Structure formats: structure tokens, C-alpha cells
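Next up: a single chain in C-alpha cells, the form predicted alone.
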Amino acid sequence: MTSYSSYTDIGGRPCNEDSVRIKDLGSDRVCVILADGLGGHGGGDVASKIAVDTVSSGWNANTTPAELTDLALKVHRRVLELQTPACQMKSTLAVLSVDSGRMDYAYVGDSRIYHFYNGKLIFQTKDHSASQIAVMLGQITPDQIRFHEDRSRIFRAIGQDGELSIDADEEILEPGKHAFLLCSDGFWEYVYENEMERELKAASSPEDWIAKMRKIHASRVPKDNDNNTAAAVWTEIA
């Protein structure tokens, strides 16, 4: 059985540029789409809404990584068409499809996808950011990404100039309990991976898990904190 929950919050900003949607086709076939419009370019809220609308309308449950990539590139082309000299809208995008004992995902930018198996974190996406490169070069630790001086330098995003490379993959889900978390940087910057894992073990539902993590988030954010968004999916494979 698959269950899920999501939220988005404006934070301390004048506009919420995050968008999230969960599409449920029944029979444990669920797609989660999360997008975070990039501030400073204008129209981030429009770009993120285009992302969730386009992927949601195009997802049909029998989706491969290649098909998710095609949907992401369709979003990219649509956003490029709507850009103007005064509004160079851009957005991150993270998509997770869960269906028939498998997961498929695609993402670009620094919105993250986490996968927990039987309560343990086993996978998380790597940000397309300058600070992630610093981790790969051994200059900083993964935790230091959160407040690194180059944290906001994203080198892949929906709406960027030219071609766009999308990271996508698939996985057969082993028997047991699987939990997935998709979130924007305004969320994961203030909730650490060990805390996600700890609260997952204590939670009774995806909604409860998010609520517990939001308490941690609220205890740390400054008054002018960024928009923050998360979506959780639980599924158990017999």
C-alpha cells in the first residue's frame, strides 16, 4: 500500500516560487513532482508551476527514466519559449514515479530526492551546484553544502541557456518498507539527514513524518527564510 503527503510554505519571502503536486492513478501508482523557481531571475513561480503542470499531465504510470527525461526537457523548452529579456525564469525540478514495485526518478538543480529503506537512508541525489562540486573535490563535507558561500550557484536548471542534461535512473524496490522524500533547498538546508531518518522511525504516517521535520525546520529558520516545500511517499513491498 502506498500513502503520501506534501506541503509548501512561503516562508519569509513575498512570493512562493515553489510548486509541488502528487498524482495518484490508483493501484499504488504515484508520481511526485516538486519544483523550486530560482530567485533573482523573475517568474520563478511561473516556471515551477509550468514544471508540475507539464509533468503531471504527461505522466501515465508506465514511465521509464527516458520518458521522465523527455518530460523534463518538454518543461525546459516550454519555459524557454516564455522567457523575455526582462524575465529569464528558471526552476529546479525533481520527479519521482513509484509503480509496481519500482521507482523511476529524474531531477535537475538542487531540489533533492531521498530514499529510505526499512528506516535507513540508502540514497540521495547530488545537487547540480558549485557547492556539490566542492564536496566531490574534497574541499568541504556534505553537511557544509548547506551554508557554503557558493550554495546558490546552480549550474543546471530548467530554463538555462542551451541544452539541458537531466539526471535520471530507475530501481527495483526490494521487499520491505520504502520511504521517499522530495524537498526544496529551503527545507533540506535546515533538516539534516540523520534527523530525517530519526523522525521517520518515530512517525506514524507520511503526514506525521513531514510534521515532525517541520518542527525541526521551524526551530532553525531565520525570519526571512526561503520558501520551503516537501513531499513524502511511503510504500511497502511484500
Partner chain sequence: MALCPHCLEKLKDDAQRCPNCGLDPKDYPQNASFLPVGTSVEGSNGHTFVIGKVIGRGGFGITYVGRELSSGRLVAIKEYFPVECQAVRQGRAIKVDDKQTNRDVYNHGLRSFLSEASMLKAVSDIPSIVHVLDFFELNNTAYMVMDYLGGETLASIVRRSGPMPFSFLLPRLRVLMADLGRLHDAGVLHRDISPDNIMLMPDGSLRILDFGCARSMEDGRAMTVFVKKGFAPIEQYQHNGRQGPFSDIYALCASIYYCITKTLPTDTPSRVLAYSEGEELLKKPSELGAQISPENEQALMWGLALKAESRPANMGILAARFKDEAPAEAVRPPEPQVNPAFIYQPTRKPAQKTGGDIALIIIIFILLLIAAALFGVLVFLGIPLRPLNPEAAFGAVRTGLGAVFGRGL
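These figures come from a predicted structure and were not determined experimentally. Numbering follows the first chain given and starts at 1.
As for the form predicted in complex with the partner chain, it is not shown, yet the points below apply to it.
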Complete contact of 38, 88 and 185 with the partner chain in the predicted bound form (any heavy atom, 4.5 Å): yes
Listed range touching the partner chain, judged in the predicted bound form by heavy atoms within 4.5 Å, from 67-75, 96-104, 136-144, 114-122: 136-144
4.5 Å heavy atom contact, residue 154 and the partner chain in the predicted bound form: yes
Heavy atom of residue 161 within 4.5 Å of the partner chain in the predicted bound form: yes
Touches the partner chain in the predicted bound form: residue 149 (any heavy atom, 4.5 Å): yes
Contact flag, residue 130 vs the partner chain in the predicted bound form, heavy atom cut 4.5 Å: yes
